[in-house]
Each structure stands twice: as structure tokens, then as C-alpha cells.
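In C-alpha cells, the next block holds one chain alone, the form predicted alone.
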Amino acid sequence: MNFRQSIIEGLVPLTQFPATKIADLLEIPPQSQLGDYAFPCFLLAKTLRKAPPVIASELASQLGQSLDFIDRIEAVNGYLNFFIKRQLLVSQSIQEALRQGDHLGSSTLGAGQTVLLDFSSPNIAKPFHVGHAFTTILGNSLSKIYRHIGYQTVRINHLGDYGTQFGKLIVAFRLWGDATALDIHPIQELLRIYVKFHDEAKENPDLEAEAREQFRLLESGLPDQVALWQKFRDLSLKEFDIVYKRLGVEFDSYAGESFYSDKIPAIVEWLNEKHLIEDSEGAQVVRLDEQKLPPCIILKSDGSTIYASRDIAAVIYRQQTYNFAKNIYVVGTPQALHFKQVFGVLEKAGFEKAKDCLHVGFGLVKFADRKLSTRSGDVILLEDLLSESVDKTLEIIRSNAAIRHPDMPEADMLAIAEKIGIGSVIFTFLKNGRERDIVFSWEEMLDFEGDSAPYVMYTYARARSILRKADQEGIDYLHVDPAKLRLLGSDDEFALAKLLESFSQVIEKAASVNEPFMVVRLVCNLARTFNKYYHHESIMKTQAVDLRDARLALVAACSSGIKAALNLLGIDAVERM
């Protein structure tokens, strides 16, 4: 039984509100003494012509007779507070968690619909620095969340593999490039000559003009320019793949900016047919005055394409190829204007799916007194950050293992450190609302006591340790009689069950606003509540066998919940710490 849905269905005929409206209003109170669910009656006052407290009182009386899973309904200050029968909620939540396992909270909400996630999108021939981590980690988590609730997801890496910067690289490589160094350390060599180009261009402005010409020739398909560009692209992707594998990130498409270059003429023709393109100092633009936006440049004065024209072509192509329900761009908030212009052009041209294109922005990555700039060469590589996190985690594990697990092999410690170290970086990017800036603190990231990846992963390992002991004693906690589960009902057990029961609602909400931090908050609450329960109860030493088995079933349900949430964040759980 879905308690929340049953309450919604019970309220529909009594309020004459549609189910969607009631679902938006029905909330989980901040304090347990206010109930398990609460419904505000204030919006009903106008239509029912009664005071909210009176409406709440009447609804409480009417609903109390039809919802047999409700222990009681209280009308308080215009709110309907629903209290579900404890043993019923605990029993059902555990059974559902054990049934779904790592897929807890999954649904068919998005069945038959396709969501495109455009994320990561590093620039070819440039280092994969920590500035790319936010989009990569956020996009990966969102793709997992959407898939969890039934959507077909397509993960697109819209590579920055076109533009004037490639004209600069072609010029720089011909002047100062080292072919051997390019094969051995491609990104380092490309970064070296890119930085050198900008240094030299300060003294010799003609280099910029030559770079623009080389890019024009590249767009025209000249073999020499294309061959160099392809080599830069292939070698860059090979290095990027090392980082993606460490993060556990995969893509379904690597169609970057270059993929859409030959599709621009059709876009220009389409916009001309709509009488939207105007000349502006030689450039071709679409004015967006009615949307209070600056003109969107489609073609530059030299006839070359620009980000906007390639993005417009991408939207059209994606609609024709995938027939998307949502086309989501996981790109930093500074690009908000760009996407408003792109979507604005599509809307002005009458493209119906413009309304289904969405920019999901995020904040900046900050380090004390440091700025990230590829041109200056002052970058913090993501690979280095991941390795440092793993190394620091390994130090902590070694010191703990000397006390708790003196027999743990070095290989096991390395494997655990890799998962926790990488997980800590991922967790740091997702633990707050996505538009907040990330400021790195190793103390917070690797804190085994606070709201961190190590704390949550340690809680999972603790639960698994209990279950391994039960396995050794031959206890079947996965198939406990539901009657035994009704023995559970303490405050801690009820709190855990409520968190497990909320999984589907939280995950669907996280998808609706594209905020994985909601899943982080849920798993942190689950970990804290479980540890409180662990310290209150000696689970394996419970004297009554039926109660012991029920508690073990709850432990198994909680471990499934933690693992399911970590999976949605893109973090691998560890069985032992």
C-alpha cells in the first residue's frame, strides 16, 4: 500500500482538488509529533467558504472512517495531521525495501519517455580540471535518478571540439609542437603550446588572425587541418577516459560541437524562411527584443559558426533522433544567458520542443587564493584531486586497520581507499544545492563522523558486518514472517521505516527539480538514524528470536536503502571498513 497516494485519493472527492494539486500540498511535517503527513486546508477556505480550522476538523471526521491504515487524524491550526499505524508502516516499509533491494524507490513514472542529459563536455586538447568535475558528477547522478524512476536516459558528452581555439592549436603545433611529446603526454603538450600561443600573441597580434584563418579552413574540411584536429581529439578522449573510469561515468554519445558543423546551413536556411535572421555589422543574428534578451549571433562576420548556432542545430537533431521529453543541459550558471538565447530563438521559430529544453546550472569550484585558467596554465587537474583524496583516505584506513583489522591485506585497503576517496569527492559536489559554490575542505570531505561519504559508507559497512554475522549463524532475515515485523515499533525503528518509506517520494522530487542533494540529505538522515538505533539496541544479542529476526530484517532494509542512495549519487559502497 502506498500510504501517501491513498491519502491523496481520499482527499480528492472531499476537497474537489485534482490529485496533482493535493500531491503538491501534502507534506511531511518537520517534527514527528505533527504527524507522518500533513495537509494544509487554507486554499480550501475560498471555495468551501469556511475557516481553515473548521475545514480541517470536518475533513478529519470524514477521512477517519475511510482510511483504515490511519491511527488517528488531528486537526491543528488549519492543518490535517495524519498518523499512520506504526506497526503497519514499519512492516510494509521493510518488506518493500527488501523486495526492491538496491532499487529501493524505483518506479515507472517516466516509462516511455526519454530524457537527454548533456553533461561533462570538456574542451578537447585542454586539461580535465576540477572545473569539469561539477557538471560530470551532477550530470551522472541525474542520469541515474531519472533512470531509477523509469525514464530512458541518453547521456551526451557534447565535447568542446570545435571553435577558434583549434585554429590556435593548429598554428601553435606547427610553430612549436613536439610530435613525440604529443604521443606520450598529449594534454600536457597541447596545454604547453596553447599557453605559449597566448603569450606570443600578446607581442604578435597577427597570430590571432592566422588562428581564425586556420579554423575557417578546418570548417571547410581541408585535409591537413582536419587530420591535426582529429589527432588532438582522439588523444584527448583517451586521457579523459581515465578520469571517467575512476568516476564510474559512461556516455551514450560523444557527439560534440564538430558533429553539428555541417548541419548549420540547414539551420540558417530554416531561420531565414522564418524571416528571423538579420544582418548586424556583417554577422547574422536573431533579435530577441520581445524576450528582453540581446540578439543571438548565428554566424560571425567571417561566416564561421558559433556556440549558439551549433547548439540550435543540436536541439533539432536530438528531437529528430530521440524525440525527447526533456533535453537537459548540465552547465554552469554563468552560461544561463546563452541558453536563454538558444531556447529563445527556437521558441521564436515555433519549435514546439523549446519548452522541453532546460538549463540546469551549478556553482563554482573554489580553492583558497586560487583561480582556474587554462590560458595561464594554472590548473588543478581532476585526476590529481582524485588521487590526493584516495591517498589521504588510505592514510586514515591504514591507521584504523592497525587497530580494528590488523589482518587486512594492503590490496584490500587500496581498493577501499579508492572507493571512499572517489566517493568523498563526488559527495562533496552533491551534498548542497547545485547552485551553491563548492569550497574544498579535506577535513570535511574525509570526516568519518559528519555528513560525509566516509560516514555514510562506514554506516553501510557496519550494517553489512551485522548481517554477515547473522549469515554465519544461518539466520534467514530476508524472509521474515510479516507478523514478526509488527513486533517493531520503537521510536528509532519507526523513524527508520519512515525514511525508507519516503524513498520514492524524495527521488521523484529530486528529479522534478534536478537536485541530487535531496538524495544526499535522505541518505545522511538514514545513516544518522541507523547509527542511533545501533547504539540503542544490541541487535544480534536480542533475546527474543522473533524480535531479533525482525530487527535484522530492518538492518538489511536500511543497508539496501543506503546502497540504493549511494548508487544514485554515483558512489560505490564498500562492504568492509
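Numbers for residues come from their place in the sequence shown, where the first is 1. Source: prediction; values computed, not measured. We call the rigid core whatever largest set of C-alpha positions still superposes within 1.5 Å between the two forms.
This protein has a second form, the form predicted together with the RNA, left out of what is shown; the following refers to that one.
Considering the RNA in the predicted complex, the lone stretch of 103 to 111, 135 to 143, 259 to 267, 306 to 314 in range is 306 to 314 [heavy atom distance within 4.5 Å]. Within this chain, residue 390 is remote from the site of the RNA in the predicted complex, having no heavy atom within 4.5 Å. Looking at residue 534, you'd find a heavy atom of it within 4.5 angstroms of the RNA in the predicted complex.
Looking at residue 89, you'd find every heavy atom of it more than 4.5 angstroms from the RNA in the predicted complex. Proximity of residue 436 to the RNA in the predicted complex falls within the 4.5 Å heavy atom cutoff.
In summary, among the residues 251, 324, 458, 494, the only one with a non-hydrogen atom within 4.5 Å of the RNA in the predicted complex is 458. None of 285, 226, 191, 207 but one reaches within 4.5 angstroms of the RNA in the predicted complex through a heavy atom, and that residue is 285. Using a 4.5 angstroms heavy atom cutoff to the RNA in the predicted complex, none of 99, 186 and 409 count as contacting. Contacts of stretch 72 to 89 with the RNA in the predicted complex, defined by any heavy atom lying within 4.5 Å, are made by 76, 77, 79, 81, listed in sequence order. Relative to the superposed core, residue 440 shifts its CA atom by 2 Å or more between this form and the one not shown.
In the core-superposed comparison between this form and the one not shown, the C-alpha atom of residue 41 has shifted by at least 2 angstroms. The rigid-core alignment places the CA of residue 50 2 Å or more apart between this form and the one not shown.
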